[in-house]
Each structure stands twice: as C-alpha cells, then as structure tokens.
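Quick setup: one chain, the form predicted alone, written in structure tokens, and binding and motion questions come after.
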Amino acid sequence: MKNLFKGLATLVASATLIVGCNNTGSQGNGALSSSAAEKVYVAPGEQDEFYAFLSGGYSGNLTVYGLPSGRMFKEIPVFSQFPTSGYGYSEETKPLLNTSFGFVPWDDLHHPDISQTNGELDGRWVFVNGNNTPRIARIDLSTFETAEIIEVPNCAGNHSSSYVTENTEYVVAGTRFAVPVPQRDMPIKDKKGNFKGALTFYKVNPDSGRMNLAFQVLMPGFDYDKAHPGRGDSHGWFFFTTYNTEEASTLMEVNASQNDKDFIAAVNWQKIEEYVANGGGTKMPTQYMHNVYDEETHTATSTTINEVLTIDPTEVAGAIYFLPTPKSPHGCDVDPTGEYIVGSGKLSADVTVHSFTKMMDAIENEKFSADAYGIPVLDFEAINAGSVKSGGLGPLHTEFDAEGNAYTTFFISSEVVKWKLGTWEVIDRKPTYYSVGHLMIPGGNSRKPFGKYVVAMNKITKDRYLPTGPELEHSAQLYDISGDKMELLSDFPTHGEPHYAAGCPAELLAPKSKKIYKLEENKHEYATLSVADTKVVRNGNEVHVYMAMIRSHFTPDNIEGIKVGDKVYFHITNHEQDFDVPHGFAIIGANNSELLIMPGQTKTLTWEPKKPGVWPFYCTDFCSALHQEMQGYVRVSPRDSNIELSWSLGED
C-alpha cells in the first residue's frame, strides 16, 4: 500500500510540474527523472525528518514546517496577538508584549537561531528578533511557546539579530539604523559623527535560558546588518556587516553606496567581557522591558530596567577591527571550521571571503589601511582569502554543508550557487522562482551542518500558485543537496515574509516535546485544581470566576448576579491530562479573543458586559462527540440590581 501511495504521489507531482512549470530553464528534467515526489512524500502516519523554523516577517510570529514535506505544523505567536490561542489577549500573556513604548502587539520577526553547545545545535531554545520595536524573544522548544521577550535599548531596527555564540553564552543584537544615543531632539542633517550604532550582548543562563543585558558596544554611526559568531579557532569573536559607512541620511539608495568598500566589524567579545569584569564600561540611564513567562504559574511578568552598561570601543585595545568588504554588504556568514568569513556585497558580482588566520596575522603585524573613529581598518589584501567569481548578481546569504561546500543566494539573478571552500570554484547553480533572499541548510550555521536539504526563501511568487489577488504568500523551494548537483524537489507557500530560517533533525526535539501540563504542578494564582474548588467571588465591581473544564462540561456552567459595569475575570483550568485535548472558551461581547487552554493549564479572559441579558459561552475547540453541548450562560442584570451571585455546579 505504501508503494501505491508513493506511485500516485509521483504521478501527481510529475503532472503538476509538467503543467505548472513550462519555464524550467536550466532545471531540465532532472526532478522528473529522479522521482522528486518520492523524496518529499511522507506517507500517512509517518513523520518528517526535520523541523524548519521560518521567520514570519511582518506576521510577527514564527512558523514551523516539516522537511521534506513542506507541511506547516504550527504558528508560534511571539510578537503579535494571536486569537487562535488567545496569546496577547489572555491576562497571563499580555505582559509579554509590554515595551518602553507601551503595549505593542506586533513586530517584524526576522532571524531565528537555535541554541548551541560546542558549536552544535542542542535544540533547547530558538531565539528570534523583533525588528521594529527592538526586541529579542526566546521560544522554549519543549513547549514551542514564547518564554521570554527582552527589549533592546539604544537601538532602532533590530535587524542584525538574533544570533547565538557557539555555546549560547550570548545572544547578540545589532542596530540597523544609527540613531542618537541617548535619544534626543537634533537635526537629522547632523547625523555624521553624532549618531551611534549599538551592538548589544545578552548573557544567557545555561540552565534556564534566561537573558540579561550584559553590555552594549556603542559603535560608529554606520548601519549594521547581518552577523554571525566565530567558531573553532575564531570562537570569542563576532562578525557584523555594516553598510552606509558614508553616514548618509537621505536618498540612501544612492548616497549610501558611494564608498568602494564598507566593513565587516570583527568584535572580540571575550576581550570586552574581561574588560567589563575588571570594572570597565559606563552605566547609562535608559529604559527597557524584560518580560518572562513562568511555566509553573502559567503567567508572564514585566520588569522595567533603567540603565545599561555601555562600552566605548576605543577604550578596549584590540577588541574591534574593521574588515573592508565590497560595498553594501548584507550577509555575513562563518563556515563550520570558523576559518572563513563570507561577506556578500549586494552591489558586487563576486562573493568575498576573508580568512580568520590572515586577520589575526594582520592584527599582530599591524597591517592597517586606515582608521575609522579610532577603530583600525585592516588591509583588504592582507585578510582576503579569495573571491567566488560566480557571474551571479546580488549575492546575499551563504550557508554550508558538512562536505566543505557553500551555497549562496543571488537575489537579482534568482539563483542558488554552490561553490567549494578553499578553491572558490563554482560547482553548480540552480534557478529559484523568484528573487531569492535567505536560504537555510539544517545546522548550516553551526559546526555540524546536517546537509541533505537547502531551503530557498523567495520574495516573489508570481506564477507559482493559483492567484488569490495581488498579494500571495511567499514561496519556499526545497533542493536536494545530497549529490554533486542540486536538485529542485518542491516548493510550498510560507506565511508572512520569511527572512531566515533555522532547522534541525526532528529526533533532536520530538522526544523532549512537552505534551501536557501536570495539574499537580500548576502554581497559577487562580488555578482550580478540582471541581470542589470552583467558585465565583465578587470584590467591588470585579468578579472572579474560578472555572474548570473537561470533556464536555464547564463548572460552573450557569452564573447569575453579574451586573452591567462589572469586570469579570474567567480563570479557567483545563482538567484534561491527555495529550492534544485542549479546550476553548469564548463568550459573546468579549472585546478580545477566545482562549485555547492546554491540558493542565490555566488562562484568564477578561469580560466587561455592556448590557443586561443572558449571554452564552461555549468551547471553541472540538473535543468530543458532545462538544456542541459544552456550553453555559451568564445572566447580566442592570447596574443597580440587588441580585446576589449564584452559580451552578452542574449537579442537577
């Protein structure tokens, strides 16, 4: 039967490719002749080999796909309110979206990075960045839920983020836009020499994953783009691309591309760490929020922090150097050995590769070509390892396999180019459909890439899918890289605008996945752990409903004595202890969303009735054959009513 399924899948996929892709170009018939459909087919009841975490871009959330199938498993709410689960609507999760600008229920999520140990993915957490209101979030990969969000002060456009060092000592964030530090009212024309670019290092607790802002390096006022950590011999260094070294503030597409070369900033964070440990740095007044979700209480809390330790790079000798790189670089990628630093100048047809060994030699022998605000600029020829003469246009990002190969996306010429580290020889190239941005190889930004697949994340979909208006979902394309030549296997739509992705084997995460919350471990302030604990309590115009739910009943299921103008808090505990049996809760007139409550979990919905009546509530998640009967009523009386609170425990 399984072979029959595979045969049918091959025929369907082949017909789709023939009908839908007449413009295959250099792709030829490779995918058809090698049964591409079999390579992506996952039979009913079988599971994918890899998890792929794709940034949701302007959706504000993180999406999880299986590889090779391309099926979307989950959307993890991070920076955006999410009515599917009540994230950002429930009283427990609202604090996660607090910022120094107030409650901000949206962001532009860009770059996931999975935690590492000894340079290898350990599958504990994935870190992501909020680009608009600068923030970093940590998702716990045992629950696939957001566990922590911390703001990035003195930053604007947190694009160069979030990247972890090879033992997850730090997660690092750079600023896309140079801004006044501290922020103040000043003429924009005076930007040059007065704005700063902050590079922020968050220390990660090795046990809990909890982040704390350790220090912030106040760099010259360039714009900082992509980044990656050193590994192996280059461990202890971090590399950031910079653009707009002209410090232009208007007509940027012209004025920020005048210099022949921009820089990669090489930052020795271990040297700065030592400087800080010896009392170095200056504390600067600021304000940022640190929001943490507690798995025991099922509740998030917000803390306001009012200072940050800043570092003047000119005061830490030997800590920071600039590596000249062809103009307007975007990607900055470090190979698995830590020897090669790849810089992709968007306006160059070549891919420039720097050598860490040569960089250290240039530093030791003071092979400097210039000075930028007191930071040495290394001689380009002294540090250059080679260039990939690809003939492509618009190089952006590079990932690596375990065989010494690199894969670079070219945005303008819409292709992925495979080349050899050390010889810089182009081995293969394949078109993408269309305008590829990022790409991802599972583990491709670690010491141990898992290879096998590369996922190209394309910006333009055009004719790939049935038209659904002027806006389409973006397109990801899956290539098999297990052989000498890349092979396009499939493409699938992706939610939001993926800017980057991180991937790892399913066997690293699936065994550790949390399936239920144990009721006996629920420490929520308003948890109702047994039906005997259910009650309704009035405190002035606040009413607290301690509610339990289980297939297929709410307790209490009828409540009277609520008045117009009351603020009613439904604290609801799901008594199920069976995997994948959540229950929902919604009530007419609630000005927020439903709640989706996991087994053993407690969540709170706030309801403010506006008019008298008898208002129903119900379970929103189909849970049993009697799901439709899982409902109840709240009677709301006029404000001046003297009706006492009463409730039914469903014992009649």
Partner chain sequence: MIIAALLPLCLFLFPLWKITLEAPQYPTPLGMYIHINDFSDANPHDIKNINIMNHYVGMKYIPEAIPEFKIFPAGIIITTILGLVVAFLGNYKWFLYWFILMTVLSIAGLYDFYLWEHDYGHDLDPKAIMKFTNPDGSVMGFQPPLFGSKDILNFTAHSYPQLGAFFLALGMALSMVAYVVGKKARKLVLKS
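Positions refer to the first chain, counted from 1. Predicted model, so just to flag it, every value in this text is computed and none were measured.
What comes next is about the form predicted in complex with its partner chain, which does not appear here.
Listed stretches are 512 to 520, 441 to 449, 210 to 218, 316 to 324; the contact stretch with its partner chain in the predicted complex is 512 to 520, by a heavy atom cutoff of 4.5 Å.
Under a 4.5 angstroms non-hydrogen atom cutoff, its partner chain in the predicted complex lacks residue 43 among its neighbouring residues. With a 4.5 Å cutoff on heavy atoms, residue 425 does not count as touching its partner chain in the predicted complex; it lies far away. Residue contact check for residue 550: one or more of its heavy atoms lie within 4.5 Å of its partner chain in the predicted complex.
In the predicted complex, none of the heavy atoms of residue 74 sits within 4.5 Å of a heavy atom of its partner chain. A heavy atom within 4.5 Å of its partner chain in the predicted complex is found for one listed residue only; from 166, 487, 401, 576, this is 576. Residues from 616 to 643 that approach its partner chain in the predicted complex with a non-hydrogen atom closer than or equal to 4.5 Å are 624, 626, in the order they occur in the chain.
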